[in-house]
Ligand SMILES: Cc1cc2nc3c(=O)[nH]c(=O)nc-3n(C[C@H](O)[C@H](O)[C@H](O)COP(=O)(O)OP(=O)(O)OC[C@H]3O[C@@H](n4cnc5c(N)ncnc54)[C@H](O)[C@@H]3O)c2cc1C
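One chain follows as structure tokens, the form predicted on its own.
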Amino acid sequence: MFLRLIFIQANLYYVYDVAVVGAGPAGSTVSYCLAKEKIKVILFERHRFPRRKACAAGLSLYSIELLKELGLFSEEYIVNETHKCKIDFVIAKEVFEADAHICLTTREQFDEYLARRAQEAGAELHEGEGVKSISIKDDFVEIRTSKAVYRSKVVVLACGQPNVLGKSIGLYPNYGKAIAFEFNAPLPTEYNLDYCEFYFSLDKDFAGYFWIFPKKGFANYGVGTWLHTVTVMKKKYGSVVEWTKSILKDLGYWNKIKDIKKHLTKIKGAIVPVYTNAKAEDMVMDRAIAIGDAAGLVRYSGEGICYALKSGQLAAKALMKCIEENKFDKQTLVKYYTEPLDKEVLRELKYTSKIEKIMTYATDAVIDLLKKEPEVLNLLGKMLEHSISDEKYFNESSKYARKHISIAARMMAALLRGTLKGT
């Protein structure tokens, strides 16, 4: 600390090739990939590990595939695996079951594992050191923290949302403002550990879903919805706690969870930046890249970890080329980062808003289609486990919908309604 103070007072700087802000899955992945290639990387994390993050912490099959490809998979952070999902449309009183393989972890375990692997690879991990400001200069980036001043050739924003630092430098991709509230509590009595549960259509004013993800000895309970829906629900129920209490009572779980009142008071919320229509080129500027949640890379189901891993991997590949050429202008970053990102991530995410509109505004049509076409239920399970893309799910399920004029018409109307409402 004394040495760092001398550096600040003498106007000297710690110098790195790449500075990464945020040691979540995205930041740790890009740091790990770069450090393995002997790139000088500094990774900032404002908290100390293990740290809590509001997240259901389900790992899809796509996430597991990426982790194995990266050499970052470990049974160490897997606390349970489910192979079935229950999909309950509450108001309509319609329940479906589908095969869906999901691995469960906790963000305390998962995030720390990735950060430590990045550190072992050679990244300089600074826990408990939050970034206060970023300044983009012609020849370098200046990063100021509460402890020191740093310089790097380029900065990677992996700090999630709200991305205050990105906004301060003009790197702030558009995203849909969703929010998730979650808490951990004991498993309900007689709960089947092989099932993840999803509850849609909880209220006529509700868009989104409530989930139960069973872990080792406990479960994660939560609700994900749009910010404007939360405002409506808080007016209706008085608070998020009372709203969640009402959900648990309606689902018949309130009296089946030990000490539920105590655990519910620890409910935690976080912004979920669902992808809407941001362009790939909006995710870079001269000497700066946004990845993961900071870039708004989250699908309708709320899954963002897979895109955090993938965008981190793509950013590392791009930055190695930029370092080799010593070029960090926006045009070069677009060429090496956002063009692959557009093909490998955004192409799929462009379908996520279509799925959301149909699930929100044509729920009855979705239920009718699931009843009439069992293969669509199979596709839905595959989408939830992410063994098929949102693009494939949308296109394949649409083929089945077109066999039924009424269902197709309601779904088309939902897409139009959602577009007009701007969701």
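The first residue of the shown sequence is 1; numbering continues from there. The shown structure was predicted, so the numbers you read here are calculated from the model rather than taken from an experiment.
Keep in mind that the form predicted together with the ligand is missing from the display, and what follows is about it.
Trainee: Okay, which stretch from 280-288, 148-156, 231-239, 128-136 lines the ligand in the model of the complex, with non-hydrogen atoms inside 4.5 Å?
Mentor: Only one stretch qualifies here: 128-136.
Trainee: Select from the listed residues 55, 369, 362, 388 the one whose heavy atoms reach within 4.5 Å of the ligand in the model of the complex.
Mentor: Flagged contact: 55.
Trainee: Just give me the single entry in 341, 272, 100, 115 that has a non-hydrogen atom within 4.5 angstroms of the ligand in the model of the complex.
Mentor: So the residue touching the ligand in the model of the complex, by this definition, is 272.
Trainee: Against the ligand in the model of the complex, would residue 26 count as a contact residue? Criterion: heavy atoms within 4.5 Å.
Mentor: Residue 26 belongs to the contact set for the ligand.
Trainee: Please tell me whether any heavy atom belonging to residue 310 falls inside 4.5 Å of a heavy atom of the ligand, as the geometry stands in the model of the complex.
Mentor: No - in the model of the complex, heavy atoms of residue 310 and the ligand never come within 4.5 Å of each other.
Trainee: Test of understanding: in the model of the complex, would residue 88 fall inside 4.5 Å of the ligand by heavy atoms?
Mentor: Contact with the ligand, no.
Trainee: Mark residue 314 yes when one of its heavy atoms lies within 4.5 Å of a heavy atom of the ligand in the model of the complex, and no otherwise.
Mentor: No, residue 314 is distant from the partner.
Trainee: Across 18-52, which residues bring a heavy atom to within 4.5 Å of the ligand in the model of the complex?
Mentor: Stretch hits, in order: 21, 22, 23, 24, 25, 26, 27, 44, 45, 46, 47, 51.
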